[in-house]
Ligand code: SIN
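Only one chain is given next, in C-alpha coordinates, and it is the form predicted on its own.
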Amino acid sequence: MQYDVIIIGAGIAGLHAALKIPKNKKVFIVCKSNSWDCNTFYAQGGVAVAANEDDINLHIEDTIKAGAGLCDRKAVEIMCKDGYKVVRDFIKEGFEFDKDENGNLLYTKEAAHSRNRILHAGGDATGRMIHLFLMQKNPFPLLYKSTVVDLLIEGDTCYGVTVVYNGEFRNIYAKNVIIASGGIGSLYEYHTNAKSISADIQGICLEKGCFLRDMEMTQFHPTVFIHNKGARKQLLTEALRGEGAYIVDETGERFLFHYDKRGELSPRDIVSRAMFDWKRKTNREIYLSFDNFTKEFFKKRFPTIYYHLKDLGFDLPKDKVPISPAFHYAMGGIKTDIDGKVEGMRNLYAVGEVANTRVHGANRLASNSLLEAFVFSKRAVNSILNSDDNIKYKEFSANREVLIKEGDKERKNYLRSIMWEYAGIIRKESGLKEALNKIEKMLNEDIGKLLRLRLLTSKKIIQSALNRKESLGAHYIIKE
(Lines give C-alpha, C1' and ligand atoms only; values in the text may rest on other atoms or scores of the structure.)
Protein backbone atom coordinates (compact mmCIF):
# COMPACT_ATOMS: atom_id res chain seq x y z
CA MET A 1 0.00 0.00 0.00
CA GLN A 2 1.23 3.47 -0.87
CA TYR A 3 -0.08 6.41 1.16
CA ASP A 4 -0.42 9.94 -0.11
CA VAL A 5 1.32 11.27 2.99
CA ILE A 6 3.17 9.74 5.93
CA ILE A 7 3.53 12.06 8.94
CA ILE A 8 6.30 11.29 11.45
CA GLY A 9 5.23 12.68 14.82
CA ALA A 10 1.97 13.45 16.62
CA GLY A 11 2.70 16.86 18.13
CA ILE A 12 1.21 20.14 16.96
CA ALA A 13 3.17 20.25 13.69
CA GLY A 14 2.20 16.73 12.64
CA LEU A 15 -1.42 16.84 13.79
CA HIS A 16 -2.07 20.31 12.37
CA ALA A 17 -0.68 19.11 9.04
CA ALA A 18 -3.12 16.18 9.23
CA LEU A 19 -5.98 18.59 9.97
CA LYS A 20 -5.25 20.48 6.73
CA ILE A 21 -5.12 17.41 4.46
CA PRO A 22 -8.41 16.51 2.72
CA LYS A 23 -10.07 13.48 4.29
CA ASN A 24 -10.18 11.63 0.98
CA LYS A 25 -6.38 11.39 0.98
CA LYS A 26 -4.61 8.32 2.34
CA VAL A 27 -2.59 9.53 5.33
CA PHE A 28 -0.70 7.57 7.98
CA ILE A 29 0.70 9.07 11.20
CA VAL A 30 3.60 7.40 12.99
CA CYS A 31 3.89 8.11 16.72
CA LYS A 32 7.03 7.00 18.58
CA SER A 33 5.39 6.57 21.96
CA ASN A 34 1.97 7.44 23.33
CA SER A 35 0.38 10.40 21.57
CA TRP A 36 0.82 12.71 24.55
CA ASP A 37 4.56 12.03 24.84
CA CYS A 38 5.51 15.05 22.77
CA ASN A 39 6.73 18.56 23.51
CA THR A 40 3.39 20.07 22.46
CA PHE A 41 1.67 18.31 25.35
CA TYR A 42 4.03 19.94 27.87
CA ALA A 43 3.98 23.45 26.36
CA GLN A 44 2.80 25.82 29.08
CA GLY A 45 3.20 29.41 27.96
CA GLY A 46 1.01 29.73 24.89
CA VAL A 47 0.97 30.88 21.29
CA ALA A 48 2.64 34.15 20.35
CA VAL A 49 0.50 35.90 17.76
CA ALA A 50 -0.11 39.53 16.86
CA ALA A 51 -2.87 40.94 19.05
CA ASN A 52 -4.23 42.89 16.08
CA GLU A 53 -3.18 43.73 12.53
CA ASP A 54 -1.27 46.80 13.72
CA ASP A 55 0.86 44.53 15.92
CA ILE A 56 2.07 42.27 13.09
CA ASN A 57 5.05 44.42 12.13
CA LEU A 58 6.11 44.81 15.76
CA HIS A 59 5.91 41.03 16.21
CA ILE A 60 8.17 40.65 13.18
CA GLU A 61 10.72 43.10 14.61
CA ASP A 62 10.64 41.51 18.07
CA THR A 63 11.29 38.09 16.51
CA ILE A 64 14.18 39.38 14.40
CA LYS A 65 15.71 41.25 17.33
CA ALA A 66 15.60 38.15 19.53
CA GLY A 67 17.11 36.12 16.67
CA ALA A 68 20.32 38.18 16.92
CA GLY A 69 20.83 38.72 13.19
CA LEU A 70 20.44 35.11 12.05
CA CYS A 71 16.74 35.18 11.16
CA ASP A 72 15.51 34.91 7.61
CA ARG A 73 13.27 37.99 7.36
CA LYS A 74 11.02 36.45 4.72
CA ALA A 75 10.38 33.40 6.90
CA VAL A 76 9.65 35.64 9.90
CA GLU A 77 7.25 37.78 7.91
CA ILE A 78 5.42 34.66 6.71
CA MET A 79 5.14 33.31 10.26
CA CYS A 80 3.83 36.54 11.76
CA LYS A 81 1.53 37.53 8.89
CA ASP A 82 0.14 34.07 8.10
CA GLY A 83 0.06 33.22 11.80
CA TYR A 84 -2.38 36.02 12.52
CA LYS A 85 -4.92 34.35 10.20
CA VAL A 86 -4.02 30.71 10.97
CA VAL A 87 -4.59 31.13 14.71
CA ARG A 88 -7.91 32.89 14.14
CA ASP A 89 -8.94 30.09 11.76
CA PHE A 90 -8.03 27.63 14.53
CA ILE A 91 -10.39 29.50 16.86
CA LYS A 92 -13.14 29.36 14.21
CA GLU A 93 -12.62 25.59 14.04
CA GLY A 94 -13.66 25.43 17.68
CA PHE A 95 -10.56 25.85 19.82
CA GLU A 96 -11.02 28.05 22.88
CA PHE A 97 -8.23 30.19 24.27
CA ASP A 98 -8.68 31.78 27.69
CA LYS A 99 -10.95 34.82 27.80
CA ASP A 100 -11.94 37.47 30.32
CA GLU A 101 -15.41 37.80 31.85
CA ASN A 102 -16.52 39.83 28.81
CA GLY A 103 -15.46 37.18 26.31
CA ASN A 104 -12.32 38.98 25.11
CA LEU A 105 -9.19 36.97 24.40
CA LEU A 106 -6.63 37.19 27.21
CA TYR A 107 -3.07 38.02 26.15
CA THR A 108 -0.05 37.79 28.40
CA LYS A 109 3.54 38.96 28.01
CA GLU A 110 6.79 37.02 27.92
CA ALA A 111 10.43 37.97 27.66
CA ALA A 112 11.59 40.11 24.72
CA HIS A 113 8.03 40.83 23.52
CA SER A 114 7.18 44.53 23.23
CA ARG A 115 3.59 43.96 24.31
CA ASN A 116 1.11 41.36 25.54
CA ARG A 117 0.50 38.96 22.64
CA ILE A 118 0.62 35.43 24.10
CA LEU A 119 -2.65 33.51 23.92
CA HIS A 120 -3.08 30.71 26.44
CA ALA A 121 -5.57 27.99 27.26
CA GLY A 122 -6.36 26.25 30.52
CA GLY A 123 -4.14 28.77 32.27
CA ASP A 124 -0.77 27.08 31.78
CA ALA A 125 -2.03 24.03 29.84
CA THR A 126 -1.99 25.52 26.34
CA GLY A 127 -0.06 22.72 24.69
CA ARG A 128 -2.11 20.01 26.33
CA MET A 129 -5.38 21.65 25.29
CA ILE A 130 -4.21 22.15 21.68
CA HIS A 131 -2.98 18.57 21.50
CA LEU A 132 -6.26 17.17 22.81
CA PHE A 133 -8.23 19.29 20.33
CA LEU A 134 -6.09 18.16 17.38
CA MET A 135 -6.30 14.50 18.44
CA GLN A 136 -10.08 14.76 18.57
CA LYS A 137 -10.13 16.30 15.09
CA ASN A 138 -7.69 13.83 13.52
CA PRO A 139 -9.45 11.65 10.90
CA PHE A 140 -6.46 9.48 9.93
CA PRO A 141 -4.94 6.25 11.32
CA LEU A 142 -2.21 6.76 13.90
CA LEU A 143 0.26 4.01 14.83
CA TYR A 144 1.41 4.26 18.46
CA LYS A 145 4.73 3.05 19.89
CA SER A 146 6.33 2.83 16.46
CA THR A 147 9.87 4.08 15.87
CA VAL A 148 11.03 5.33 12.49
CA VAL A 149 14.51 3.87 11.98
CA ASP A 150 15.10 4.73 8.32
CA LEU A 151 13.98 7.01 5.50
CA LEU A 152 13.68 5.19 2.18
CA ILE A 153 15.61 7.70 0.10
CA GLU A 154 17.12 7.24 -3.33
CA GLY A 155 18.46 10.27 -5.15
CA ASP A 156 16.19 13.25 -4.52
CA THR A 157 13.11 11.17 -3.65
CA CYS A 158 11.83 9.71 -0.37
CA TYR A 159 9.69 6.64 -1.00
CA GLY A 160 8.64 6.04 2.59
CA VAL A 161 9.95 4.97 5.99
CA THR A 162 11.08 1.91 7.88
CA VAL A 163 9.23 1.52 11.17
CA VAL A 164 9.80 -0.84 14.08
CA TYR A 165 6.48 -1.87 15.60
CA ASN A 166 6.09 -4.69 18.15
CA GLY A 167 9.66 -5.71 17.42
CA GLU A 168 9.03 -6.06 13.68
CA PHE A 169 10.63 -3.98 10.90
CA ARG A 170 8.08 -2.73 8.38
CA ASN A 171 8.43 -0.53 5.32
CA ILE A 172 5.58 1.94 4.80
CA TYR A 173 5.48 3.71 1.44
CA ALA A 174 4.17 7.16 0.54
CA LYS A 175 4.18 9.80 -2.18
CA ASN A 176 5.14 12.41 0.42
CA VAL A 177 6.71 12.29 3.88
CA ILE A 178 6.39 15.02 6.51
CA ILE A 179 8.91 14.90 9.36
CA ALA A 180 7.43 16.47 12.50
CA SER A 181 9.42 14.54 15.08
CA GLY A 182 10.55 17.39 17.35
CA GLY A 183 13.92 18.43 18.70
CA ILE A 184 16.92 16.98 20.52
CA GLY A 185 16.16 17.25 24.26
CA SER A 186 17.23 13.77 25.37
CA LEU A 187 20.79 14.48 24.25
CA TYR A 188 21.19 16.67 27.36
CA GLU A 189 21.44 15.71 31.03
CA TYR A 190 18.94 18.41 32.05
CA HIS A 191 16.08 19.15 29.69
CA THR A 192 12.35 19.95 29.59
CA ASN A 193 11.47 17.73 26.62
CA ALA A 194 9.32 14.61 26.37
CA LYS A 195 11.33 11.41 26.76
CA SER A 196 10.71 10.41 23.13
CA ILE A 197 12.54 13.50 21.80
CA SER A 198 15.94 11.94 21.15
CA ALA A 199 17.20 13.26 17.78
CA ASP A 200 16.87 9.92 15.93
CA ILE A 201 15.48 11.49 12.77
CA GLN A 202 18.17 14.18 12.67
CA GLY A 203 20.75 11.39 12.75
CA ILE A 204 19.00 9.52 9.93
CA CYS A 205 18.95 12.72 7.85
CA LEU A 206 22.69 13.12 8.37
CA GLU A 207 23.27 9.55 7.19
CA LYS A 208 21.11 10.22 4.13
CA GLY A 209 22.97 13.39 3.20
CA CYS A 210 20.32 15.95 4.20
CA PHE A 211 21.76 19.22 5.49
CA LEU A 212 21.28 20.22 9.13
CA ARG A 213 21.76 23.94 9.73
CA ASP A 214 22.47 26.09 12.82
CA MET A 215 22.70 23.05 15.11
CA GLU A 216 24.85 25.01 17.57
CA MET A 217 21.82 27.20 18.33
CA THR A 218 20.44 25.38 21.36
CA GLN A 219 18.15 27.26 23.72
CA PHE A 220 18.26 26.77 27.48
CA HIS A 221 15.20 27.75 29.48
CA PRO A 222 16.28 29.66 32.59
CA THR A 223 13.52 28.67 35.01
CA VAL A 224 13.41 24.90 35.48
CA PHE A 225 13.01 22.83 38.64
CA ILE A 226 15.61 20.10 38.12
CA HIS A 227 15.37 18.22 41.43
CA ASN A 228 12.45 16.01 40.42
CA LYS A 229 13.08 12.41 39.38
CA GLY A 230 13.16 11.48 35.70
CA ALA A 231 15.00 12.92 32.72
CA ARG A 232 12.35 15.52 31.87
CA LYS A 233 12.58 18.36 34.35
CA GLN A 234 9.74 20.60 35.55
CA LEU A 235 9.46 23.66 33.31
CA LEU A 236 8.31 26.87 34.99
CA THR A 237 6.92 28.86 32.08
CA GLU A 238 8.21 32.29 31.18
CA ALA A 239 4.63 33.50 31.52
CA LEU A 240 5.13 33.33 35.30
CA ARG A 241 7.67 36.14 34.99
CA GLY A 242 5.42 37.94 32.54
CA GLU A 243 2.75 37.97 35.25
CA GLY A 244 5.09 39.14 38.01
CA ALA A 245 7.25 36.28 39.33
CA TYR A 246 10.91 37.23 39.68
CA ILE A 247 14.35 35.67 40.12
CA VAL A 248 16.45 36.11 43.27
CA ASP A 249 19.47 34.49 44.84
CA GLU A 250 19.46 33.04 48.36
CA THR A 251 20.09 36.51 49.85
CA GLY A 252 17.06 37.95 48.04
CA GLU A 253 19.11 39.93 45.51
CA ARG A 254 17.52 40.44 42.06
CA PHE A 255 20.88 40.10 40.36
CA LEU A 256 19.61 39.92 36.77
CA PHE A 257 19.56 43.72 36.59
CA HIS A 258 23.37 43.63 36.83
CA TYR A 259 23.36 41.94 33.41
CA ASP A 260 20.46 43.57 31.55
CA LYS A 261 18.13 46.44 32.36
CA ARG A 262 15.13 44.25 31.44
CA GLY A 263 15.83 41.92 34.35
CA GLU A 264 13.53 38.90 34.33
CA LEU A 265 12.11 39.90 30.95
CA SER A 266 15.43 39.73 29.13
CA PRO A 267 15.74 37.14 26.33
CA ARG A 268 16.21 33.57 27.51
CA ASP A 269 19.85 33.28 26.52
CA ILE A 270 20.76 36.36 28.57
CA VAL A 271 18.85 35.16 31.65
CA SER A 272 20.33 31.64 31.46
CA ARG A 273 23.91 32.91 31.11
CA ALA A 274 23.39 35.45 33.89
CA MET A 275 22.18 32.71 36.24
CA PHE A 276 25.08 30.46 35.27
CA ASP A 277 27.61 33.25 35.76
CA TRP A 278 26.12 34.54 39.02
CA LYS A 279 26.09 31.12 40.64
CA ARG A 280 29.67 30.52 39.55
CA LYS A 281 30.79 33.88 41.01
CA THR A 282 28.81 33.81 44.26
CA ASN A 283 28.10 30.12 44.84
CA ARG A 284 24.58 31.17 45.83
CA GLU A 285 21.45 29.19 45.07
CA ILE A 286 18.94 30.81 42.72
CA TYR A 287 15.16 30.85 43.16
CA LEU A 288 11.93 31.91 41.51
CA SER A 289 9.77 34.01 43.82
CA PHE A 290 5.97 34.19 43.55
CA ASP A 291 5.26 36.63 46.37
CA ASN A 292 3.60 39.05 43.93
CA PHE A 293 0.85 36.43 43.45
CA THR A 294 -2.13 35.64 45.61
CA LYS A 295 -2.86 31.96 46.06
CA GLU A 296 -6.16 32.36 44.22
CA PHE A 297 -4.49 34.00 41.21
CA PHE A 298 -1.73 31.38 41.10
CA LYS A 299 -4.18 28.45 41.19
CA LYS A 300 -6.38 29.95 38.47
CA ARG A 301 -3.71 31.26 36.09
CA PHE A 302 -1.12 28.48 36.50
CA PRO A 303 -3.03 25.45 37.81
CA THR A 304 -0.70 22.79 36.37
CA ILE A 305 2.43 24.34 37.86
CA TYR A 306 0.70 25.13 41.16
CA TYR A 307 -0.42 21.55 41.76
CA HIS A 308 2.80 19.95 40.49
CA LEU A 309 4.88 22.06 42.85
CA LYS A 310 2.40 21.52 45.68
CA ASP A 311 2.79 17.76 45.19
CA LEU A 312 6.55 18.26 45.55
CA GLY A 313 5.99 19.89 48.94
CA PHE A 314 6.02 23.61 48.13
CA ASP A 315 3.65 26.01 49.92
CA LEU A 316 2.79 28.47 47.16
CA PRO A 317 3.05 31.36 46.66
CA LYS A 318 4.86 31.63 50.01
CA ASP A 319 7.82 29.40 49.14
CA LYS A 320 10.53 30.25 46.67
CA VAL A 321 11.38 27.44 44.24
CA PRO A 322 15.01 26.58 43.38
CA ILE A 323 15.66 26.86 39.66
CA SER A 324 18.33 26.13 37.08
CA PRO A 325 18.60 26.51 33.33
CA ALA A 326 17.93 23.34 31.29
CA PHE A 327 17.91 22.53 27.60
CA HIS A 328 14.56 23.52 26.11
CA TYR A 329 14.52 24.09 22.34
CA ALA A 330 16.59 23.57 19.19
CA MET A 331 16.63 26.51 16.78
CA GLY A 332 18.73 24.46 14.37
CA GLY A 333 17.41 21.54 12.38
CA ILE A 334 16.83 20.07 8.94
CA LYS A 335 17.27 22.84 6.39
CA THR A 336 14.02 23.56 4.54
CA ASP A 337 12.55 26.22 2.31
CA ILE A 338 9.64 28.42 3.38
CA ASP A 339 7.19 25.64 2.43
CA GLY A 340 8.90 23.12 4.68
CA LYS A 341 10.47 21.18 1.80
CA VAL A 342 13.82 19.64 2.71
CA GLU A 343 16.63 21.10 0.64
CA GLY A 344 17.46 18.95 -2.38
CA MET A 345 14.41 16.67 -2.01
CA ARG A 346 11.28 16.43 -4.18
CA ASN A 347 8.79 15.13 -1.65
CA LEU A 348 10.33 15.21 1.83
CA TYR A 349 9.17 17.90 4.25
CA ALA A 350 10.14 18.92 7.79
CA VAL A 351 8.03 21.16 10.03
CA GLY A 352 8.10 22.29 13.64
CA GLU A 353 11.14 22.08 15.88
CA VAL A 354 12.86 19.45 13.72
CA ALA A 355 13.06 21.95 10.84
CA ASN A 356 15.18 25.01 10.22
CA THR A 357 13.73 27.85 8.14
CA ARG A 358 15.76 30.35 10.19
CA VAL A 359 12.50 31.77 11.49
CA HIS A 360 14.02 31.74 15.01
CA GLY A 361 17.54 32.75 14.07
CA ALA A 362 20.03 32.42 16.89
CA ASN A 363 17.49 32.67 19.71
CA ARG A 364 13.78 31.82 19.59
CA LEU A 365 11.39 34.49 20.80
CA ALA A 366 9.19 33.10 23.58
CA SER A 367 6.07 31.19 22.44
CA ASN A 368 6.88 31.50 18.73
CA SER A 369 7.33 27.72 18.50
CA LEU A 370 3.65 26.78 18.44
CA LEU A 371 2.99 29.56 15.93
CA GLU A 372 5.77 28.25 13.69
CA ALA A 373 4.25 24.76 13.81
CA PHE A 374 0.81 26.11 12.87
CA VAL A 375 2.05 28.17 9.95
CA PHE A 376 4.64 25.92 8.31
CA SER A 377 2.67 22.68 8.68
CA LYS A 378 -0.13 24.33 6.70
CA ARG A 379 2.34 25.59 4.08
CA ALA A 380 3.85 22.10 3.72
CA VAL A 381 0.41 20.60 3.12
CA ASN A 382 -0.42 23.30 0.55
CA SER A 383 2.85 22.54 -1.23
CA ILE A 384 2.00 18.83 -1.34
CA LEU A 385 -1.52 19.44 -2.60
CA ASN A 386 -0.27 21.78 -5.33
CA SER A 387 2.62 19.55 -6.41
CA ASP A 388 2.62 17.95 -9.86
CA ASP A 389 5.20 15.34 -8.83
CA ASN A 390 3.91 11.82 -9.39
CA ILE A 391 6.04 9.69 -7.09
CA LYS A 392 6.02 6.06 -8.28
CA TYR A 393 6.02 3.14 -5.87
CA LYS A 394 9.48 1.66 -5.32
CA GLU A 395 10.13 -1.30 -3.06
CA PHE A 396 13.03 -1.38 -0.60
CA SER A 397 14.43 -4.09 1.64
CA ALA A 398 13.82 -3.27 5.30
CA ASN A 399 16.99 -2.31 7.15
CA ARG A 400 17.02 -4.65 10.14
CA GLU A 401 20.13 -3.31 11.83
CA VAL A 402 20.32 -4.04 15.56
CA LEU A 403 18.86 -1.01 17.34
CA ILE A 404 20.17 -1.46 20.90
CA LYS A 405 23.24 -3.34 22.09
CA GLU A 406 24.63 -4.15 25.52
CA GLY A 407 26.09 -1.07 27.18
CA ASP A 408 24.14 1.41 25.06
CA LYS A 409 22.14 2.74 28.02
CA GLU A 410 25.30 3.59 29.95
CA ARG A 411 26.84 5.20 26.87
CA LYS A 412 23.64 7.20 26.29
CA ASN A 413 23.79 8.63 29.81
CA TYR A 414 27.48 9.38 29.34
CA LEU A 415 26.64 11.26 26.13
CA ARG A 416 24.05 13.33 27.99
CA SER A 417 26.66 14.39 30.56
CA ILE A 418 29.13 15.24 27.78
CA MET A 419 26.62 17.44 25.98
CA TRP A 420 25.61 19.23 29.19
CA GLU A 421 29.18 19.89 30.28
CA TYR A 422 30.80 20.82 26.97
CA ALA A 423 27.99 21.91 24.60
CA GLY A 424 25.72 23.63 27.10
CA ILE A 425 25.07 27.21 28.14
CA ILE A 426 28.69 28.38 27.97
CA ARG A 427 31.22 26.71 25.67
CA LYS A 428 34.97 26.64 25.19
CA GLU A 429 36.81 25.51 22.09
CA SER A 430 38.98 23.12 24.10
CA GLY A 431 35.91 21.58 25.75
CA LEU A 432 34.11 21.16 22.43
CA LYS A 433 37.15 19.42 20.96
CA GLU A 434 37.32 17.11 23.97
CA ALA A 435 33.61 16.30 23.56
CA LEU A 436 34.14 15.59 19.87
CA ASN A 437 36.93 13.13 20.69
CA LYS A 438 34.73 11.33 23.22
CA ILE A 439 31.87 11.05 20.73
CA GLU A 440 34.17 9.82 17.94
CA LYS A 441 35.44 7.13 20.30
CA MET A 442 31.91 5.94 21.07
CA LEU A 443 31.02 5.92 17.36
CA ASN A 444 33.88 3.46 16.80
CA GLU A 445 32.58 1.07 19.46
CA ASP A 446 30.13 -1.80 18.96
CA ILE A 447 26.87 0.11 19.44
CA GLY A 448 23.25 -0.10 18.31
CA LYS A 449 21.74 2.05 15.60
CA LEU A 450 19.65 4.27 17.90
CA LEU A 451 22.71 5.32 19.90
CA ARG A 452 24.66 5.91 16.70
CA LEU A 453 21.95 8.28 15.46
CA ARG A 454 22.09 10.23 18.74
CA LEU A 455 25.87 10.40 18.50
CA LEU A 456 25.75 11.65 14.91
CA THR A 457 23.38 14.46 15.86
CA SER A 458 25.52 15.35 18.89
CA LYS A 459 28.62 15.37 16.71
CA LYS A 460 26.92 17.79 14.31
CA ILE A 461 25.98 20.13 17.17
CA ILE A 462 29.56 20.19 18.41
CA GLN A 463 31.07 20.65 14.95
CA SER A 464 28.67 23.53 14.30
CA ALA A 465 29.65 25.11 17.63
CA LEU A 466 33.35 24.78 16.76
CA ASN A 467 32.77 26.33 13.33
CA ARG A 468 31.11 29.42 14.81
CA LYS A 469 34.05 31.18 16.44
CA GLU A 470 32.12 34.19 17.76
CA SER A 471 29.26 34.21 20.27
CA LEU A 472 25.84 34.80 18.76
CA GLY A 473 22.45 34.48 20.44
CA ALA A 474 22.15 31.15 22.21
CA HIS A 475 25.67 30.14 21.14
CA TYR A 476 28.07 31.56 23.72
CA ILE A 477 31.71 30.62 23.37
CA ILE A 478 34.52 31.82 25.66
CA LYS A 479 37.84 32.88 24.20
CA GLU A 480 40.74 30.94 25.67
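Don't overthink the numbering: it's just position in the shown sequence, from 1. All of these numbers come straight from a predicted model, not from anything done at the bench.
Keep in mind the form predicted together with succinic acid (SIN) is missing from the figure; the text below concerns it.
Among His131, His221, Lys175, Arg213, the residue placing a heavy atom within 4.5 Å of succinic acid (SIN) in the predicted complex is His221. When you look in the predicted complex, the only residue of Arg268, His120, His191, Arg379 with a non-hydrogen atom within 4.5 Å of succinic acid (SIN) is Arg268.
For the chain shown alone, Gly45 is a contact residue for succinic acid (SIN) in the predicted complex, at least one non-hydrogen atom being within 4.5 angstroms. For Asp200, no non-hydrogen atom is located within 4.5 Å of succinic acid (SIN) in the predicted complex, even though that partner is not displayed. Succinic acid (SIN) is not drawn, but in the predicted complex it has a heavy atom within 4.5 Å of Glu110. Contact check for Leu235: a heavy atom falls within 4.5 Å of succinic acid (SIN) in the predicted complex. Of the stretches 282 to 290, 143 to 151, 183 to 191, 361 to 369, only 361 to 369 has residues with a heavy atom within 4.5 Å of succinic acid (SIN) in the predicted complex. Contact annotation for 132 to 161: no residue has a non-hydrogen atom within 4.5 angstroms of succinic acid (SIN) in the predicted complex.
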